[in-house]
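Single chain ahead, by itself, as structure tokens, in the form predicted on its own.
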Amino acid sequence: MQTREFFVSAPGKVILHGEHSVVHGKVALAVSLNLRTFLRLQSTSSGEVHINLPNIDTFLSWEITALQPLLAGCKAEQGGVKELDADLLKRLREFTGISEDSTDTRSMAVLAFLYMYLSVFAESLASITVSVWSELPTGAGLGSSAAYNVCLSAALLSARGNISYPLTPQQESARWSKEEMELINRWAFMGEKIIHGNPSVVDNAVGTWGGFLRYHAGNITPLSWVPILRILLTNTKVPRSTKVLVSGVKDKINKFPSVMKPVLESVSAVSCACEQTLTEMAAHGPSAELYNILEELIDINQHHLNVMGVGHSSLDTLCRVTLARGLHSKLTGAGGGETDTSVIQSTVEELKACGFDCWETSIGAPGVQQHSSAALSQDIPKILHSY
């Protein structure tokens, strides 16, 4: 491995429509956020591996000599991806003391890092320091774990030499080739499996490719013609676990199949109607009529989510506050048409008074990228260098 320092980033995501239906072969629309996770990787000669996660106040290090026995015959796949190695994962749980039923953010992040590090560098463990900081809140349905795993995959594969360093001295940011991005995406999905158990492929795909994606029956299609939209994100600060929520939806479908299957079909129909509306916006420009259709679809989908059992009283409060100002909200996003700035500001103030956090941002950000330090805002390298 060459001795160098480099930075990568990946965006978060919002699913416009289709939450929890993606694991049942239905249509979902997902889009990347202009809120990103940033990673710094530096090779060292310390004989140690370090992971720094400022967002969750975590700094850990291990001697390479202590990690080596965990491999127990594992072989590097030259960048390829096998099925999840249950034996390696079990050994890592025993080594770290992380129980099998743990959903703790810190524990899962550490477990995913160690698994990917050992798998990628199995033939020759390297001394590295990895620091990760994110603009995304954890456990808020915004793809923070996927952005983390995409960054880890890109950085570790680059450091191992399985993919290139795409950035040239003349560039501030660069992306990998299509084939390399596909490899990054597959490794990121492995990390998602470790953290969530049975995730969809959507979150890591958005983090890798960026932009707008249509998901149906395992196939992901980029939607390059979708118009740019502003959104108001609100974090209700209610802890949640994707793994637990996905399991709960599955249990409800198994318990009430004749009730829940039509709900999933309806969610899929909403996704298709939204896609058609966005297509018309892109072709003919936005209009009050098309914005009204999008708003109605948002309201319908939020009711779907309540039926699935993934709603919460805090989300009901959010919907009430925003609807009073003409904004339409749903799980993982709130949106409005050509809304006056003063309306947005007053909405944000009331939501903050409810104890929520808000971000006004846009959607359609690029996927995983490598950056020069000069391309990042000054605060980000400072944070990543401070541990």
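The structure displayed is predicted, hence computed values, not measured ones. All residue numbers refer to positions in the sequence shown, first residue = 1. Basically, rigid core = biggest C-alpha set you can superpose within 1.5 Å across the two forms.
Just so it is clear, the following notes concern the form predicted in complex with a further copy of the same chain, a form of the same protein that is not shown.
Colleague: Choose from 254 to 262, 115 to 123, 149 to 157, 169 to 177 the stretch whose residues reach within 4.5 Å of a further copy of the same chain in the model of the complex, heavy atoms counted.
Modeller: In short, 254 to 262.
Colleague: Considering only heavy atoms, tell me if residue 270 and a further copy of the same chain come within 4.5 Å of each other in the model of the complex.
Modeller: Although a further copy of the same chain is absent here, residue 270 would touch it in the model of the complex, with heavy atoms inside 4.5 Å.
Colleague: Just to confirm, residue 296 within 4.5 Å of a further copy of the same chain in the model of the complex by heavy atoms?
Modeller: Close contact exists here: in the model of the complex, residue 296 approaches a further copy of the same chain to within 4.5 Å, heavy atoms only.
Colleague: Check whether residue 287 has any heavy atom within 4.5 Å of a heavy atom of a further copy of the same chain in the model of the complex, and answer yes or no.
Modeller: Contact with a further copy of the same chain, no.
Colleague: Can you tell me whether residue 304 touches a further copy of the same chain? I mean in the model of the complex, with a 4.5 angstroms heavy atom cut-off.
Modeller: Contact with a further copy of the same chain, yes.
Colleague: Just one of 103, 127, 164, 266 has a heavy atom within 4.5 angstroms of a further copy of the same chain in the model of the complex, so which one?
Modeller: When a further copy of the same chain is considered in the model of the complex, the option within 4.5 Å is 266.
Colleague: Counting non-hydrogen atoms within 4.5 angstroms of a further copy of the same chain in the model of the complex, say which of 223, 89, 300, 71 makes the cut.
Modeller: Comparing distances to a further copy of the same chain in the model of the complex, the residue within 4.5 Å is 300.
Colleague: After superposition on the rigid core, does the Cα atom of residue 172 shift by at least 2 Å between the shown form and the other one?
Modeller: Not so; residue 172 is displaced by less than 2 Å.
Colleague: Classify residue 273 as shifted (yes) or not shifted (no) between the shown form and the other one, where shifted means its C-alpha moves by 2 Å or more with the rigid core superposed.
Modeller: Shift of 2 Å or more: yes.
Colleague: Once you line up the core, how about residue 253: does its CA shift reach 2 Å between the shown form and the other one?
Modeller: Residue 253 C-alpha, core-superposed: shift of 2 Å or more.
Colleague: If the C-alpha spacing of residue 366 and residue 291 moves by 3 Å or more in the model of the complex, is that a move closer or farther apart?
Modeller: They are closer; the C-alpha distance drops by 3 Å or more in the model of the complex.
Colleague: Your call: residue 262 and residue 199 CA atoms, closer or farther in the model of the complex versus the shown structure, by 3 Å or more?
Modeller: Compared with this form, residue 262 and residue 199 lie farther apart in the model of the complex.
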